[in-house]
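Just one chain follows, in the form predicted on its own, and it is written as structure tokens.
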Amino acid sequence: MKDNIEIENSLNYWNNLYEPIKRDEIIMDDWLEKFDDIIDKTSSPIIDLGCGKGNNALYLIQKNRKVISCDQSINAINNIKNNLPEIYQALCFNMLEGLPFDDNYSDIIIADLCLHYFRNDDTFKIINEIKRILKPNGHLLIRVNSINDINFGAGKGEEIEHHLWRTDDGRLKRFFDEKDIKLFFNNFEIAYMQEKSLDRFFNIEKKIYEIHLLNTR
């Protein structure tokens, strides 16, 4: 029962956050620039999990890539459809229920700040689903909360699993260190991993890990 309440709290939170916006309000994210050599070579649609307002999608569209934007929030997906009509596809689903793609579907999957909201077992299930739909030697590009992200909840609330906290509004939020990353993504090869400060979208410093994983195992 508590799991269902946490899921409902999360969905309500994100639906409330993603009120209607216009295309010129989307702040194009440039963190993907360092992976342009990978992005430019792909011909398959790029899956953008937890697409949010479309920051990554806008960057990829301007590079003439096919993008499939995915989010659990119907408000986020409606924004994508309204603001980015050139999007290849926009899908609303909860990752806890699986990913609606065939095996070996895409060369590149992006999961930007969307994999740190789940219990251990669910996190492993979602990552295994990502591995299933990612082509052999495909690329997984992610950002996750760092355990040093003290301005955004690290070490605050009720710790219900290692580095997983229940927030004051009843949601789950995970914070990673390098050991956690190696544990959860043990079936991938880590090509790049770096802790960074992210302040482009926030009024105060946010600490994250930026990671490039290869589906070679």
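Because the structure is predicted, anything quoted here is derived from the model rather than measured. Start at 1 with the first residue shown and count on from there.
The discussion below concerns the form predicted in complex with a small molecule, not included here.
Enquirer: For the three residues G50, N55 and M95, which mark the spot I'm curious about, does each lie within 4.5 Å of the small molecule in the model of the complex through at least one heavy atom?
Expert: So, yes: the whole triplet contacts the small molecule.
Enquirer: Could you tell me which of 64-72, 174-182, 153-161, 39-47 sits within 4.5 Å of the small molecule in the model of the complex, going by non-hydrogen atoms?
Expert: Looking at the other structure, the answer is 64-72.
Enquirer: Exactly one residue in I127, A90, L113, L84 has a non-hydrogen atom within 4.5 Å of the small molecule in the model of the complex; which is it?
Expert: Going through each option in turn, the one that passes is L113.
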